[in-house]
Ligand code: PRP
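Only one chain is shown below, in structure tokens, and it's the form predicted on its own.
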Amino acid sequence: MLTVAIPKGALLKDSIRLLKAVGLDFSTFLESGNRQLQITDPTGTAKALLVRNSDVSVYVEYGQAQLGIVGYDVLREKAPNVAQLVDLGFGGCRMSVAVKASSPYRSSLELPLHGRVASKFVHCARDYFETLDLPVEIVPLYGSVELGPITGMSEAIVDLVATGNTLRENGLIEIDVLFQSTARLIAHPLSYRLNSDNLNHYVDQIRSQIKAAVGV
């Protein structure tokens, strides 16, 4: 049976809408009061796992799911051994460097040598500053990273930004963008090559849906 890893949170509704369009109905996850983490499609041909966005690639990489939907930011941070198949176009956001609006810094290159940058995306942040040849200390934070500059613990943060409201409400501004992120369809490499559980059929259907949506 085909297994799909679906992300909780901001990508959930669009993921379920897309999968339903190709014949995989996991809309039970959207029902009020539902606490199930694994459900089977009404046709009995596939099941879905409801997991954190950051865990989707893990379930796919280890073969517990053949397909998954995950943010590109996770793929850049974790660099998992998965097949990246389709840019799904939804869940758009950006990985940005932000500082206090009152700070003198208006670009990453203006940050002080060996200054502190707080982020939950440690690898993305480190890679970015290495490309700038700017030595900084990456401070791992997994809660409200905005508090880094607010408290003076760090000069800047690297974090995902969608609307920018959270930054503005906390007196922060973006000064640089590392990359744009959208939801991506991924697959277990061997399952994809072997077309396990008719996996390629659903991949082709999803590609067709995305092409139709953008008018290609």
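Everything quoted here is computed from the prediction, not taken from an experiment. Note that residue numbering begins at 1 and tracks the sequence as displayed.
FYI, the form predicted together with the named molecule isn't displayed, but the following is about it.
- This chain is displayed without the named molecule, yet in the predicted complex the stretch 143 to 151 from 143 to 151, 29 to 37, 42 to 50, 62 to 70 comes within 4.5 Å of it by heavy atoms.
- Using a 4.5 angstroms threshold between heavy atoms, K120 counts as touching the named molecule in the predicted complex.
- At the 4.5 Å threshold, heavy atoms of Q180 stay clear of the named molecule in the predicted complex, well away from it.
- For the chain shown alone, V58 is not a contact residue for the named molecule in the predicted complex, no non-hydrogen atom being within 4.5 angstroms.
- Residue contact check for A162: one or more of its heavy atoms lie within 4.5 Å of the named molecule in the predicted complex.
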